[in-house]
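In the form predicted on its own, a lone chain appears below as structure tokens.
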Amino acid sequence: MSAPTARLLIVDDNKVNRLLMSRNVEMLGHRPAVAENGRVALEMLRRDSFDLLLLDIEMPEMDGFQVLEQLKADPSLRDLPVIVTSSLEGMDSVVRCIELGAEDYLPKPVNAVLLKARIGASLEKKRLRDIQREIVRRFATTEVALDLERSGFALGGKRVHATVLFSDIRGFTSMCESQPPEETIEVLNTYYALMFDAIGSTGGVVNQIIGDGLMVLFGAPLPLADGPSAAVSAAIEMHALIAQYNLERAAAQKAPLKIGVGIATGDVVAGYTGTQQRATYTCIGDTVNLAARLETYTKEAGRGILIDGATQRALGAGTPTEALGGVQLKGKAAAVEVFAVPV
């Protein structure tokens, strides 16, 4: 006998119905769990993971309609497929269940052949939805994926207060010219893994990867309590991880990597740009441009991390910084107050 393929929760106040349905589910190769009413079912759903819900309607404490309403209102549960099994007669009950998000409605006594077909179809829909969600999360950040699930997709943006970080590898072009492309890809993948670890641990969202360059957001698409401190902490950790990686490179007689990081804080417009067929989540505004200019200026200043005045003022006294004075950055009409963070 093949291994069980899915975990199903059976919700019915009748003990005999629960036993019979559990037996049918087991014979189909799935793993059943049972709940005697809607309240218990919701507790189980929020505590454990299930692939499908078989739901009765007429139950004490919380009926099936109330369960469907709770599922629909919960972002973590609203995509769980539900097959209603009920003895209620009338098209109104069927319509109400479907409107509340049920996949299907089977009258009692449930036909075993029909049950098998409905369970198979519902699990296949869930499998395809899970694949789609995984693809979105792979090619977008978790935060962007959550934003899409909660708000849906729409071109346009909104003004938010955020901290923007840019970084890149110093001398990357020369490195590419001096080694095979396969080795460059290996270096980049290691670099990305290290940088993503530092950024993710502080709440940052990698918005763009351009060659060896990264654009990172702190405070968009989801709010972040202290974006400036999180961004500076990420930058410091990025440098620490590169230093550790350089020990391995030195042992292999490879040249060390050096990175530069620019950070700026202020209002940005964040949202989806592109077309209905192809779009990306991004931020635009003077804060974004300033962070990019600061990253470029790290080469001239000979510093690993440069931040603007807004970021420095938000850090407080706990993080040491060095004032570099007003700097005329490329593309800026007025001098910019620049600070270096020691690494």
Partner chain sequence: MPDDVIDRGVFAELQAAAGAEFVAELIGTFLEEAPGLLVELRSAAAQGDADRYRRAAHSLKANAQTFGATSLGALARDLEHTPLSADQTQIGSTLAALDAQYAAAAATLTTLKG
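Here the structure is a predicted model, which is why all the values come from computation and not from measurement. Numbering follows the first chain given and starts at 1. Between two forms, the rigid core is defined as the largest C-alpha subset superposing within 1.5 Å.
The protein also exists as the form predicted in complex with the partner chain; that form is not presented, and the subsequent description refers to it.
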Just to confirm, P60 within 4.5 Å of the partner chain in the predicted bound form by heavy atoms? yes
Should A112 be classed as touching the partner chain in the predicted bound form when contacts are defined as heavy atoms within 4.5 Å? yes
Is H161 one of the residues lying within 4.5 Å of the partner chain in the predicted bound form, judged by heavy atom distances? no
Given that the partner chain is not shown alongside this chain, does E89 nevertheless sit within 4.5 Å of it in the predicted bound form, heavy atom to heavy atom? yes
Thinking of A240, A243 and A255 as the candidate spot, does the partner chain come within 4.5 Å of a heavy atom on all of them in the predicted bound form? no
Of 103-111, 195-203, 161-169, 68-76, the segment with heavy atoms within 4.5 Å of the partner chain in the predicted bound form is residues 103-111
Looking in the predicted bound form, the residues of 24-39 with a heavy atom no more than 4.5 Å from the partner chain, listed in order, are M27
Honestly, after the rigid core fit, is N111 moving at least 2 Å at Cα between the shown form and the other one? yes
Core-aligned CA displacement of T296 at least 2 Å between the shown form and the other one: no
After the core is overlaid between the shown form and the other one, has the C-alpha of S22 moved by 2 angstroms or more? yes
